[in-house]
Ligand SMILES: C[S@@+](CC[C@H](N)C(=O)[O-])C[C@H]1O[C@@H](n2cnc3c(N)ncnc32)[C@H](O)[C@@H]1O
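Next up: just one chain, as structure tokens, the form predicted alone.
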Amino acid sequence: MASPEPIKFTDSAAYERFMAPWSRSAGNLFLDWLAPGPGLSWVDVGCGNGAFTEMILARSAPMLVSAIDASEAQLAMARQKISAKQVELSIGDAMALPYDGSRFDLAVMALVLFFVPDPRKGAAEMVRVTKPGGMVASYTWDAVRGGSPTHHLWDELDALGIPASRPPNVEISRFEALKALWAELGLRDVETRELVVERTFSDFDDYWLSMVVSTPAGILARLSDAESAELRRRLQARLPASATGEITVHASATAIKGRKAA
């Protein structure tokens, strides 16, 4: 069996349709839970097309947001959407952040940690650039327990014997793994929270376009016409529609926060 292609977020428009509505729903719950005060300095690691950065701006009145991502295509969309003077958008590596130590009040990763090749190194970098007493926080889809918005698609691809592209480090989405990592890095006052969200699609075609056609792994390009038709049939049978044809899908994320020792 061939290995699946690694997930690469290079088509920012497709990503906007595929994941941005999910990330905004989870991001709102995450910010409610963090309850940050105004006037703080943030680093948004793995900012993508700027969806979560925009939420920080709209809801938290930051003094500064340094948003960084490895994809120039994603950053290009972020630059189109975000012009606030307190935001700096940069290309860079989550495992080697281009910032001095103890610079930020908050370091966050929104739906990113399980994509980092070495999650420990990525989390350690967040700790390094956070001020003593500052907060280090992350949330990822609970991929191990079927909490990802794409788990229906993954399950049906598995059933068809077609390798699905998953984040490379899904185990770090487990609460036990997150708590062990935050403790290993010396963070204090560690708390976790499950974030449960839902998204309603107008009909199955809307779901198919958003969650299959727009996936960054380019699934349909790897399938024959017969495989694509069977995948569509299986997903439509799996996802019940309301009387008006709407389809509602649920997802859940594991969130963690802690403070750097003073």
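Owing to the predicted nature of the structure, the values given are computational and were not obtained by experimental measurement. Position 1 is the first residue in the sequence shown; the rest follow in order.
Not pictured, yet referred to below: the form predicted in complex with this ligand.
Although this ligand is omitted here, in the model of the complex all of Phe52, Ser71 and Asp93 have a heavy atom within 4.5 Å of it.
Screening 218-226, 42-50, 231-239, 200-208 for residues having heavy atoms within 4.5 Å of this ligand in the model of the complex returns a single hit, 42-50. Using a 4.5 angstroms limit between non-hydrogen atoms, Ser23 touches this ligand in the model of the complex. The shortest heavy atom separation between Phe115 and this ligand in the model of the complex is within 4.5 Å. Mapping the unseen interface onto this chain, Leu157 falls outside it, with no heavy atom inside 4.5 Å of this ligand in the model of the complex. The closest non-hydrogen atom of Leu111 lies within 4.5 Å of this ligand in the model of the complex.
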